[in-house]
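Here's a solo chain for you in structure tokens, the form predicted on its own.
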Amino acid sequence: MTIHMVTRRSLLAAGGALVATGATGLLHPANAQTIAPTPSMRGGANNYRPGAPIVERIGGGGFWMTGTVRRAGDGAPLAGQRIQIWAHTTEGHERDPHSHGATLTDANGVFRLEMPQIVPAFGQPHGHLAYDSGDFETVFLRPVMRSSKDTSLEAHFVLQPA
């Protein structure tokens, strides 16, 4: 049998721990952080075409646009969500219908679509992506590539219910 003696040292250590962690930490459990929705980016909707078709690939391919779609709040992956993608590429301008296409997220909320190499427009190589299916608020993204030599670009959506 072990007997614990309250000594001045153990009392000071316990008091220091209470000050360091805060008394409220003992009374209230830690709250989970919520994931904020993704805001639309300036210029993201430029040359947007409502209803672009779901495609296997845009043009000849060679460049990959990838990302994830999650629900705001709990961050749960969202399957079956439609993401439209378009860009200024080696095969056309972002305003051309053949430069637009859409894809659906998989069971893990991941999307991936092959397209022609993105090239600079207005001095920056960038892509355009949109969530516009209606179950959640519409979001437009315009991510900029680090280099025009990159062969992929990643974008992530966190969606707020409409």
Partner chain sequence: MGLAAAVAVPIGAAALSPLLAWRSPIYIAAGFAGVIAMAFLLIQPLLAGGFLPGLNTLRSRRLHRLVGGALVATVVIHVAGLWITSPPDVIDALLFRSPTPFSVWGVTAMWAMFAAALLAAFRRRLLRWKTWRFAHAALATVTVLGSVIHAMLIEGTMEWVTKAALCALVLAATARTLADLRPRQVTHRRGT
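Note that the coordinates shown come from a computational prediction; the quantities given were computed from them, not determined experimentally. Residue numbers count along the first chain shown, from 1.
Heads up, the form predicted in complex with the partner chain isn't pictured, but that's what we're talking about next.
The partner chain is not shown here, but in the model of the complex it comes within 4.5 Å of a heavy atom of S148. Contact check for P50: every heavy atom lies farther than 4.5 Å from the partner chain in the model of the complex. When contacts are judged by a 4.5 Å heavy atom cut-off, R57 does not count as touching the partner chain in the model of the complex. Interface membership of T66, defined by any non-hydrogen atom within 4.5 Å of the partner chain in the model of the complex, is ruled out.
In summary, among the residues E114, E94, D106, E137, the only one with a non-hydrogen atom within 4.5 Å of the partner chain in the model of the complex is E94. Picking from 66-74, 129-137, 114-122, 97-105 the stretch near the partner chain in the model of the complex, with a 4.5 Å limit on heavy atoms, gives 114-122.
Along 34-56, residues R42, G43, N46, N47 each place a heavy atom within 4.5 Å of the partner chain in the model of the complex.
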